[in-house]
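Here we start with a single chain on its own, the form predicted alone, put down as structure tokens.
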């Protein structure tokens, strides 16, 4: 039985769609103009993910990272309890149909057009899915903004546990030098105004990205194939070194502890916590049973990197997981045969790719690989 925020989330979405309960989304601000009376950002302001430079419109990034990303809530892969009360089929996933070929070989140039009814390529299938979910968002736009303002979407603590906490940075705008560099949290009035304006402008989406030839091309338009919006990748943030502590805080904590960690609603004052107080975990009981990437003290993340090291290095795959008896999670000096590397590359012979549906970039995988081949020290 659904209770609390999950039930409220489900009922409000259904009521908003079925009963036609709508609120005016207001004007669509297409271009920032300090003389216009419309508050808030333009619909086509671009943000980029700090780990790999992936570009999205600011509203697209906020909805993707809090509503549709991964395998929870409004994601197509979410089923049963993982939807946290969201009706089946109500998917708001607006991830790009193609990233650059270093991250997705199926996106290698030249990309074959989807015109004339072609649908059997990976790109065409993902582009169609993106367009379908974009249409879904436009259908439920009024209900979405109402729920955000009411605090019902994302649904309370459950929403905090399953959102992707990887930071998104804004493209610098010389007309607004005082804007915060990082996108604000979805609970803030500023973020809700970003989403409102994006919805009012029919939820435009960046559908594809390519590697820029130079820094001058970063976050600039790239050639379209089928009329889709293509933007070159943005700059990458400081990459981690091949050390477990840096890999843990930049990859494992942000992308993996959401499932491989216990529920935790405590506030952690440890400055090493990149979530700034939000401790992820509790999204999957099965994933936690298969692998715990935290430490014995669930209230303090300070030693989680060091404490979790024995759980992955020279550790046989856990009996609770799909890979039980099929190998070792990390084999020092042997990245090709380490299950962790296989799952990051989606070459595993057991279980599924990790993280599910939202793989990390090839650049980051190579850093993890280098750490393993250096002997996977607890450093």
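Positions refer to the first chain, counted from 1. The structure displayed is predicted, hence computed values, not measured ones.
The following text describes the form predicted together with heme C (HEC), which does not appear among the structures shown.
Margin query: Although the partner isn't part of this model, could you tell me whether residue 255 comes within 4.5 Å of heme C (HEC) in the predicted complex, counting any heavy atom of the residue?
Written below: Yes, residue 255 sits close enough to heme C (HEC) in the predicted complex that at least one of its heavy atoms falls within 4.5 Å.
Next item on the list: Answer with yes or no whether residue 351 is in contact with heme C (HEC) in the predicted complex, where contact means some heavy atom within 4.5 Å.
Entry: It does: once heme C (HEC) is placed as it appears in the predicted complex, residue 351 has a heavy atom within 4.5 Å of it.
Check: If you check in the predicted complex, is residue 194 within 4.5 Å of heme C (HEC), heavy atoms only?
Finding: Residue 194: no contact with heme C (HEC) in the predicted complex.
Note to self: So in the predicted complex, is heme C (HEC) close enough to residue 219 to count as touching (4.5 Å, heavy atoms)?
What the structure shows: Answer no; every heavy atom of residue 219 is more than 4.5 Å from heme C (HEC) in the predicted complex.
Next item on the list: Just give me the single entry in 230, 127, 199, 287 that has a non-hydrogen atom within 4.5 angstroms of heme C (HEC) in the predicted complex.
Entry: Result of the distance check: 287.
Notebook entry, point to check: Is heme C (HEC) in the predicted complex near all of 259, 340 and 344, within 4.5 Å of a heavy atom of each?
Noted result: Yes: 259, 340 and 344 each sit within 4.5 Å of heme C (HEC) in the predicted complex.
Checklist line | Which of 202-210, 266-274, 222-230, 279-287 lines the interface with heme C (HEC) in the predicted complex (heavy atom within 4.5 Å) | finding: Contact criterion met by 279-287 only.
Item checked: in the predicted complex, residues of 172-211 near heme C (HEC) [heavy atom within 4.5 Å] -> Result: empty, none.
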